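Just one chain follows, in the form predicted alone, and it is written as structure tokens.
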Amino acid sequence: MEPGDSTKQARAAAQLRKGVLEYCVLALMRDRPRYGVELLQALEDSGALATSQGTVYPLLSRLRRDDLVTTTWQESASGPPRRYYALTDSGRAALDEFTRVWPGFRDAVDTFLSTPPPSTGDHA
């Protein structure tokens, strides 16, 4: 590995994460409400989507402002009350749209990454 390769890889991973994190968080709420630490743990368990509270909580606030999620407070048996986040109809529609678009987007990227570009002449 060349010097600086790990920095480049980390930068590429961060850019990819930034582009899909919102929809991954929405997907985690597809079947039931979740609280913040639970979302963080699920993202961390995925490996590639591990992130920090400083990223997830502002994202959750924005999703709430944009009416993609709603929140409720629930008592916890193991500590203070927890804020649970649940999809709204708008959030479910946004997730459905992303789910519809994602395969074509992913396939297009995979095509570029796995196939040499066609020759378009000498540009030297």
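Quick caveat: nothing in here was measured; it's all calculated off a predicted structure. Numbering starts at 1 and runs along the sequence shown.
Only in words, not in the display: the form predicted in complex with the DNA, which the text now covers.
Novice: Though the DNA is not shown, can you say which of Ser46, Ser90, Gln53, Thr99 has a heavy atom within 4.5 Å of it in the model of the complex?
Specialist: Residue within 4.5 Å of the partner: Gln53.
Novice: Does Arg62 make contact with the DNA in the model of the complex, using a 4.5 Å heavy atom cut-off?
Specialist: Arg62 belongs to the contact set for the DNA.
Novice: Might Gly104 be said to contact the DNA in the model of the complex, defining contact as any heavy atom within 4.5 Å?
Specialist: No - in the model of the complex, heavy atoms of Gly104 and the DNA never come within 4.5 Å of each other.
Novice: Do Gly36 and the DNA come within 4.5 Å of each other in the model of the complex, heavy atoms counted?
Specialist: Gly36 belongs to the contact set for the DNA.
Novice: Indicate whether Ala14 is a 4.5 Å heavy atom neighbour of the DNA in the model of the complex.
Specialist: Flag for Ala14 set to yes.
Novice: With the partner left out here, which residues of 69-99 have a non-hydrogen atom within 4.5 Å of the DNA in the model of the complex?
Specialist: Residues within 4.5 Å: Trp73, Ala77, Gly79, Pro80, Pro81, Arg82, Arg83, Tyr85.
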